[in-house]
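To begin, one chain is listed below as structure tokens, in the form predicted on its own.
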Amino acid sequence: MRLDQFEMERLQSTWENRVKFNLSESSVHPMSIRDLASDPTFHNQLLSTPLHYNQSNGTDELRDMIASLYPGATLDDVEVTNGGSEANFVTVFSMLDPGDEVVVILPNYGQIWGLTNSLGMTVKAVHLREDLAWAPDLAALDAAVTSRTKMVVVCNPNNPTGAVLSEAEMEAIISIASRVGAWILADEIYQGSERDGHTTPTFYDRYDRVIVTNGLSKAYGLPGLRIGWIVAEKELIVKMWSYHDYTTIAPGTLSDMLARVALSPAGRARCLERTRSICRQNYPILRRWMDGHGSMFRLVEPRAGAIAYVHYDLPVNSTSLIRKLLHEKSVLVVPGDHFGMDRYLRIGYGLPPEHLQQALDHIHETLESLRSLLGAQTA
């Protein structure tokens, strides 16, 4: 088996810890352990914890906390994984076979698109529409879903656009999937990062064939813990747990322990409000910067996540542009090419404000130099 290269992750894995300004990240500036848990007693407990194999599907305590976020779920309906990426991988690995038909709503995090194509599934794309504020084309979705469709994949809130489905759009997606008995895989990892403070509703418990993936990397600002999860009916979770034996086996012992702090009622409220306050503080910085460039940029305002999916009006390929920024300015952003859409950039704005402004100033310098060069060439 040969996997298609996951271009966005290859770019980020290579450069995100080498550049001076990382605007490729889709979460806010991460919390430290001290930010998360300041109690010295807990620190001593953490330092004294034996580094044994953790309960491989997540401790009962952690799974019970996760289950409490989903109507009707119990700890037996939860599988804890190493990040949301592993949650998605285990779900696809356990639920789909070569030849199965999968409908993916795009743009989306490229993992499932690349994985299902590589594993020999029949994959169909249905696109969000910018002219509808990045809402899904429901007529196109209805046409794409057939009696052969085994799974419909959606990311809500969406990566890279920051759009959030309305209740009516969620119900329409469920209706379309239920028409043929297809599973819905809902990646909800940006849930809780909404600037307006209204938590995006989950797909869970709205339809009897829903699988939800989520984790602590985005809305909680804790990507280094590598804690994700799958929520589904108990029988599926038992199956997925056995597939997890073939990947990382178990989440880290200390990560599980810290995740329980983050998902306690007080910890969860603190983490999510921190993320939302960073997004509320930083988005105007990005907006003012964009407005200062006149008509060069087009943006549908994101509602969730510290990400903006920006169209730019320059005749320059997006990968070529980001490589110029990378090598000349030590700034990393994600090119629209990685979502199959040229002349877009996904700009992460979750950095400390002064750092964000410096990075944007560097991008401005590069754009101005390109504009001058292109103007000279056409003169």
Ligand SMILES: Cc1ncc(COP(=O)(O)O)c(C=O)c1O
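Keep in mind the model is a prediction, meaning the values are calculated, not measured. One-based numbering along the sequence shown.
As for the form predicted together with the ligand, it is not shown, yet the points below apply to it.
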Check your understanding: What is the one choice in S255, S85, Q191, T116 with a heavy atom within 4.5 Å of the ligand in the predicted bound form?
Key -> S85
Point to revise | Heavy atom within 4.5 Å of the ligand in the predicted bound form - residue from V90, C155, V78, I211 | key: C155
Check your understanding: Out of 94 to 102, 181 to 189, 298 to 306, 271 to 279, where are the residues with a heavy atom within 4.5 Å of the ligand in the predicted bound form?
Key -> 181 to 189
Practice item. Answer with yes or no whether N159 is in contact with the ligand in the predicted bound form, where contact means some heavy atom within 4.5 Å. Key: yes
**Study point:** Contact test in the predicted bound form: S217 vs the ligand, heavy atoms, 4.5 Å
**Key:** yes
Check your understanding: So, in the predicted bound form, is N57 in contact with the ligand at a 4.5 angstroms heavy atom limit?
Key -> no
Review point. Looking at the partner-bound form in the predicted bound form, is R226 within 4.5 Å of the ligand by any heavy atom?
Key: yes
**Study point:** Any residue of 23 to 54 that, in the predicted bound form, places a heavy atom within 4.5 Å of the ligand
**Key:** S26
